[in-house]
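Only one chain is shown below, in C-alpha cells, and it's the form predicted on its own.
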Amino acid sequence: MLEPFEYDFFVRGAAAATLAGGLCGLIGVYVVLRRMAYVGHGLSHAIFGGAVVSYALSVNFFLGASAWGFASAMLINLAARKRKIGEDAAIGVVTTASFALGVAIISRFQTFTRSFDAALFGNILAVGGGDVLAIAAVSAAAAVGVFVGYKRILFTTFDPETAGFYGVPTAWVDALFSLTLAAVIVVSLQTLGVTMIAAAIVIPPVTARLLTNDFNRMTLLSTGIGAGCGLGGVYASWHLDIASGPSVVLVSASAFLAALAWSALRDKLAASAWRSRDRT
C-alpha cells in the first residue's frame, strides 16, 4: 500500500497534487458562487497558449503563463462589459484564440509536443521540487489574501452592485481574483493538466455545497475535499497506470456522487420526519 511513497518523484507528485487540490478547492468556492465555472474552464485553455509562448521565447514558465492568464482574464472582463458582447462570447473568443495559438506553435515546432503532454493531461513524473514550492507559495498567498480580504471578497461575490455602492473597490477585487485564479491554474498544470483543471476547481465546492449551507463550512470542506481528492487521485493513478489529471477528477467525481446520494437520502429522511410530525 505504501510502496509508491518510497519513490521521491511520487512523493513530490503527491505533495503537489494535495496542495493543488486544496488550492483549487479554496478558490473554487468563489468561482462557483460567482457563477464563473466557464471562466475557469476557458482560462485554463488560454493559459496553455501562454505556456507555449513562454517556452518558445525562453521566458520563465510561471511568470510568462501567469502574465498571459491575467491578461486574458482582464480582456474577458473588458469585453464582457460591452453590452453587445456577452461574457460567454468573450470567453469563447479570447480562450479559443489563445489555445489555438499554442497548438499552432506546437504544430510548427514538433519538439514541443512531448514537453506539453503533461500540461494537457497532467503527469506526476514531470513535477519537480520547484513546482511543489510554487504551489505552496501560491497556496499561502491565496490563503492570506482570502483571510485579509474576506469581507470585501464575500460582499463582491454575492452582491457586487451594492458592494460598489458602499465603497468596496470591486474592480480591484475582480482584478486580484483574476490574477489569483490565473496563478492557481498555472501552478496546477503539471499535476492536473489543462483539460482537467476546471473540473478540479468546480467539483470540490459543488460537493461541499451539497453537504452544508454554511459559507465558512463550505470553504473548509471544499479545501479539504480538493486536497483529499488530489492525494487520492495521484495514488490511484499509480496503481491504475493512468495520467494524474484524469485520476484526480474521477476521484473528485466519485466524492460528488457520494455527496449527492447522501444529500438525497438526508432530504428524504427530513421529509419523512416532517410528515411524521404532521400526523402527530
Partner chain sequence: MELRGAACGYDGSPPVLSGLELTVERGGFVGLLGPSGAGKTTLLRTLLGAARLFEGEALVEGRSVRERKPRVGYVPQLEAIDWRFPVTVEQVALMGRAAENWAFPWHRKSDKQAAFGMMERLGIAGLAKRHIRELSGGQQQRVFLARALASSPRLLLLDEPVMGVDIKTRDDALHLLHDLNHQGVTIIMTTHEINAVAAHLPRVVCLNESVVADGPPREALTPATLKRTYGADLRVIEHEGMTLVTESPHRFGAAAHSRRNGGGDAGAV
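Owing to the predicted nature of the structure, the values given are computational and were not obtained by experimental measurement. Positions refer to the first chain, counted from 1.
The form predicted in complex with the partner chain exists for this protein as well; it is not shown, and the discussion that follows is about that form.
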*Of the residues Leu154, Leu75, Ala142, Ile106, which one places a heavy atom within 4.5 Å of the partner chain in the predicted bound form?*
Leu154
*Given the partner chain in the predicted bound form, answer whether the residues His41, His45 and Val187 all have a heavy atom inside 4.5 Å of it.*
no
*Which one of these stretches, 97-105, 129-137, 193-201, 144-152, sits within 4.5 Å of the partner chain in the predicted bound form when only heavy atoms are counted?*
144-152
*Can Asn213 be called a contact residue for the partner chain in the predicted bound form at 4.5 Å between heavy atoms?*
yes
*asked:* Within 4.5 Å, heavy atoms only: does Leu33 come near the partner chain in the predicted bound form?
replied: yes
*With the partner left out of view, is Met218 within 4.5 angstroms of the partner chain in the predicted bound form by any non-hydrogen atom?*
yes
*Verify the contact flag for Val93: yes if a non-hydrogen atom of it lies within 4.5 Å of a non-hydrogen atom of the partner chain in the predicted bound form, no if not.*
no
*Taking heavy atoms and a 4.5 Å limit, what residues of 161-188 are near the partner chain in the predicted bound form?*
Glu161, Thr162, Phe165, Tyr166, Gly167, Val168
